[in-house]
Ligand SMILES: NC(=O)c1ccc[n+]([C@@H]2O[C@H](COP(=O)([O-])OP(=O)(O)OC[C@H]3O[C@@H](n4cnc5c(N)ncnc54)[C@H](OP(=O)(O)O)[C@@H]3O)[C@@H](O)[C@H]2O)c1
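Shown here is one chain on its own, the form predicted alone, set out as structure tokens.
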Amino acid sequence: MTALTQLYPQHQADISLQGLYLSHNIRALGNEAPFVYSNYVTSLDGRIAVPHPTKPGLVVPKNVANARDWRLFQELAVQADVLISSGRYLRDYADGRAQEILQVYDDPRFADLQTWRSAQGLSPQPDIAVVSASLNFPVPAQLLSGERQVVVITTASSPVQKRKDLAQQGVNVIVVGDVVTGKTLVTAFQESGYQYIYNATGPKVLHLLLADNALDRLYLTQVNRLLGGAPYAGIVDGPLFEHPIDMALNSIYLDAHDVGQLFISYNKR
């Protein structure tokens, strides 16, 4: 497996891909407040999702998705108490248009991550949280039949009958008010006992978190490819921030395998 080169905060060659983000030791970060982190893979021209070739909607581009980034996605997921998804993701998942994020490290290639999580005394899988106002999504059967808790965070205006139906399926439905904000979202997680929160959903939820200064760390994989095309999604989708969100560079690693990519992380200021 091609080794990485650390470019920042200091130069270091021959770093192993396997274990790279485990070494960031997410579960030692933060304090009394929850620690929230997110991760995206993007092209040089900022595409995290492009039109599906045969179906409506957007999908992670096959030209940037890759096994080496996927390994690091799993290393971040395994350190979480809860993984944030969305109603849109679950609809796309049911329709076969979404990248697999629900079955975290079930692949035999990631058996070492299962061993790692067990050694930390954690549950076999992080729980799943869905942020949705419409509640218009199916809950995959594998989430309801296992040991993982499914949490839905919604608004007071969401359909009452759908809330009841989800609760009857064993889903923990949390109503946070008239709108979901970054602050109410993190508060709901904290009150539910979640300390380490991995945002694995799209640019709208990231906007909510950033708008309330609720994101502690951002991970980006930047693949050395330009894709073009429209429509597309970037990492943030929402109104212009009242003030720009400044981030502090935490680490950069060069991965020279294939076309090449950078693994970058930022902390909030």
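Every value quoted in this text rests on a predicted model; they were computed, and no experiment measured them. All residue numbers refer to positions in the sequence shown, first residue = 1.
Note that the form predicted in complex with this ligand isn't included here; everything after this is about it.
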| item | value |
| --- | --- |
| 4.5 angstroms heavy atom contact with this ligand in the model of the complex for P34 | no |
| This ligand contact at G87 in the model of the complex, heavy atom, 4.5 Å | yes |
| Touches this ligand in the model of the complex: R91 (any heavy atom, 4.5 Å) | yes |
| Exercise: I26 in contact with this ligand in the model of the complex, heavy atom 4.5 Å | no |
| Single option in L210, V223, L218, A200 placed near this ligand in the model of the complex, where near means a heavy atom within 4.5 Å | A200 |
| Segment assignment from 163-171, 186-194, 109-117, 133-141: heavy atom within 4.5 Å of this ligand in the model of the complex | 133-141 |
| Candidate spot V41, V60 and K204, all three touching this ligand in the model of the complex (heavy atom, 4.5 Å) | yes |
